[in-house]
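Quick setup: one chain, the form predicted alone, written in structure tokens, and binding and motion questions come after.
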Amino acid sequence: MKIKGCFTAAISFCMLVLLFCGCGRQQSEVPEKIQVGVACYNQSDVFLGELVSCLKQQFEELEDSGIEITVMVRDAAGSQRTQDDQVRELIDMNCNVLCVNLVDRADPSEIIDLARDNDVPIIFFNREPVAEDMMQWEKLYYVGAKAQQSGEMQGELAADAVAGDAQTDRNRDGKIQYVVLEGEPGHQDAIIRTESAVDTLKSKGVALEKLGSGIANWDRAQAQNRMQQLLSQYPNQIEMVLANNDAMALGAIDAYKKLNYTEAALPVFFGIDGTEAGLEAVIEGKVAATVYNDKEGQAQAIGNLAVAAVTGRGMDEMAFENEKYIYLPYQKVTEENVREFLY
């Protein structure tokens, strides 16, 4: 028994020595420099441009922790093939973490394969991959916001506007004639934002009549063109414009201005994202309300997660859902609180 006890003690001692040696090696492997590759679907997207600016600022602040951080940004200009090539380039340039804003959320396989083959963690942001793709590897993460919440909030803001101003129903028919300006065709956020906004309005007892819709790809100029087409079909009939983002809401306003509509003939406009231009439009009374997409909070989460994914430090402090997802809540923005969101 004594021999067996001594043998057991010896084994335990050896395991402890190996454990501490292993910990020592792991500690020495923590890099002193982090190279971050940021791949964007299209930096002409206003909200994305503001988010990337916040992300760069966040990495600058994180450098104060003693780790040198280099950030390299690539713009795919709407081409998934270009983005695949750019990710390959970023990996070849020794980036040890990737922050990827997918061109095509349903086609991330090549990027995932490249990252997995080179053991480079990926933080997808703003455009969420499908759940099945997120399960391909344990070092895939997502930071963003829940599209349904933004649509619900837009619907609530629109319902409040209808309840608070009888003039919204200009033709006094007891229904609100509306149009929708949508983002990309088939895009998850565009579909969910539209459906949840309309469903929320109906659940609040607002009678609706949809006149039409237009795809404007999140773009202000395209939204102006689509709105002009809708106005040619429904002159003086549109009472509400629900836009999937602020840029398209502003494009709709541009169309009315170009066609010389009087202020009394304008519908109420609602956006989503809380871009700088969108917030200014709320202050000026051009946009009735918007929904704030927390770019500062997302940038902070992406930055902290990127450092943690490379160094191994702080992963237990991440506010994950299902071990992979970090969602930041939206907030309603009206003329009463809009200045709280301008920094």
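Bear in mind that the values here come from a model prediction, so they are computed numbers and not experimental data. Numbers follow the displayed sequence, beginning with 1.
Below, we turn to the form predicted in complex with a small molecule, even though it does not appear here.
**Q** Which pick from V307, A281, L48, V38 sits with a heavy atom within 4.5 Å of the small molecule in the model of the complex?
**A** Of V307, A281, L48, V38, the residue with a heavy atom within 4.5 Å of the small molecule in the model of the complex is L48.
**Q** Could you tell me which one of Q224, N126, Q86, T200 places a heavy atom within 4.5 Å of the small molecule in the model of the complex?
**A** The option sitting close enough to the partner is N126.
**Q** Using a 4.5 angstroms cut-off on non-hydrogen atoms, would Q58 count as touching the small molecule in the model of the complex?
**A** So Q58 does not count as contacting the small molecule.
**Q** Does R220 reach the small molecule in the model of the complex, with heavy atoms at most 4.5 Å apart?
**A** No.
**Q** In the model of the complex, does D189 come within 4.5 Å of the small molecule, counting heavy atoms only?
**A** Heavy-atom contact with the small molecule at 4.5 Å: present for D189.
**Q** Quick one: find which of 189-197, 113-121, 72-80, 170-178 has residues within 4.5 Å of the small molecule in the model of the complex by heavy atom distance.
**A** Going by heavy atoms within 4.5 Å, the stretch is 189-197.
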